[in-house]
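Given next, in structure tokens, is a single chain: the form predicted alone.
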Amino acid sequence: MKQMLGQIFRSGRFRLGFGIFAAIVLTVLIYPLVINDPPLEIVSRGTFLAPGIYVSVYDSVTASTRYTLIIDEAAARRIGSRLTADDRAAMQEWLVGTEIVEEGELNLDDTAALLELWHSSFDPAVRIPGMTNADRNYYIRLTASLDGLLATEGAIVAAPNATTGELEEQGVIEQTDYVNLSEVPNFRVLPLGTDNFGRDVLTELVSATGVSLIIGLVAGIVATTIGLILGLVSGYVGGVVDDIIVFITNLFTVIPSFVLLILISFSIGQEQRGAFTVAVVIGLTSWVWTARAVRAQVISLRNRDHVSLSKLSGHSIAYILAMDILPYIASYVVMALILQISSGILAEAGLSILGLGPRTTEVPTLGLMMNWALIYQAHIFGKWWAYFPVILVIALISFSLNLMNTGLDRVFNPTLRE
């Protein structure tokens, strides 16, 4: 056993695949110990918040020590964040379209002149050719956001008087005031932002990866067990039993397994489709190629001398299959299990994208995350953090398992060794 493991881990492909897969599993196990937030907890009212660190504005203003920093680019960055190049181009389009300025006369880099001209000229009632209500509302929102953009004075913080109810000045926040993030009592790190429901994508992704791995493992065990038993019996017993099993196998081969999986999942119903149920259904529809391959292996082994000797010794069929044949195909069974786990994860993802996966309110899966991103058009609005990390994790899991399988194949199949 020790020698076999040494041969396996000498394979570069197996080591790489095992390393990637182990890193994914360790992340799934360790992350909840550090961040124990519920994976489906809503952490924001807004949807698709971009990745970053979110600091409480109230706490940063009222409870933190302020520091004065002189950053030359601060004003330019502030202006650039509120008046983008697209905004400047849209303003130019309106000003040119209303014939206030000639095309080419306006310097878009001169922010002061551009804002002065815009505030003195913009009229929401005036429309340019091709202007829609959405464009009009955009210009109105843009105009409101530009008030005080070039101001150099600080912002006054006021609060209502407990007696009179009138606002009273509490202090002034200068533009050179900064706070130390570690001194702000409330902030939230969202490395992958939030999804369409305002949930932490990273926490959800880690939990979904764990659930999908369990689904793949259960589906792989079910499919491999069924295929192994049918393949062993069919290949060794032969005769009528073999004909019946081959007929059933061919019947399942003719019907595409994914179509059959869709029909079964649809017939179960949304409320009854838990993660374990979906995993079992996937396993029940994906055993065919394992059974055919095991049968072919057993047929080549059933007339070996040690098997014939075991027959003459009066051993039962179950004993011969378990003790005299199974050890010779054990390596192939392990490789089949690895591939079945990978295909199970991909099958769940495909089902969930179609809306036929596990219950959406119970646990997240990688497929469900893709389904949510697809329904709420994250790919259209450019919210890449809602779907790209999911695609990457699915690809890494499949890639690592296939690398492990290729490495095992090179170890156990001498004809493939370099």
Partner chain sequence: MKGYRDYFLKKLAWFVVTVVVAFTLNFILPRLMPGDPVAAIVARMAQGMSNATGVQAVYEQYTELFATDQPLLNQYVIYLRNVLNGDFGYSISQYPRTVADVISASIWWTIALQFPAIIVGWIVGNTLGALAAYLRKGFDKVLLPVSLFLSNLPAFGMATILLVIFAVNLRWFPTSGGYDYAMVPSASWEFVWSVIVHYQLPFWSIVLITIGGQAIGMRSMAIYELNADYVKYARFLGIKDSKIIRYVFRNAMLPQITGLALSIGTMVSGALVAEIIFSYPGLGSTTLSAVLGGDYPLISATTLIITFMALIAFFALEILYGLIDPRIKAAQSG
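Residue numbers count along the first chain shown, from 1. These numbers were taken from a predicted model, which means no experiment stands behind them.
The following text describes the form predicted together with its partner chain, which does not appear among the structures shown.
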Item to check | Heavy atom within 4.5 Å of its partner chain in the predicted complex - residue from Ser121, Thr253, Thr143, Thr225 | outcome: Thr253
Checklist entry - Just one of Phe266, Tyr319, Tyr328, Tyr178 has a heavy atom within 4.5 Å of its partner chain in the predicted complex. Which one? => result Phe266
Checklist entry - Taking the shortest heavy atom distance, is Phe388 within 4.5 Å of its partner chain in the predicted complex? => result yes
Next on the checklist: I'd like to know if Leu354 sits close to its partner chain in the predicted complex, meaning any non-hydrogen atom pair within 4.5 angstroms.
Outcome noted: yes
Next on the checklist: Taking any heavy atom pair closer than or equal to 4.5 Å as contact, tell me whether Tyr138 reaches its partner chain in the predicted complex.
Outcome noted: no
Item to check | Phe9, heavy atom within 4.5 angstroms of its partner chain in the predicted complex | outcome: no
Item to check | Segment assignment from 84-92, 234-242, 255-263, 148-156: heavy atom within 4.5 Å of its partner chain in the predicted complex | outcome: 255-263
Checklist entry - For the stretch 379-401, which residues lie within 4.5 Å of its partner chain in the predicted complex by non-hydrogen atom distance? => result His379, Ile380, Tyr387, Phe388, Ile391, Ile394, Ala395, Ser398, Phe399
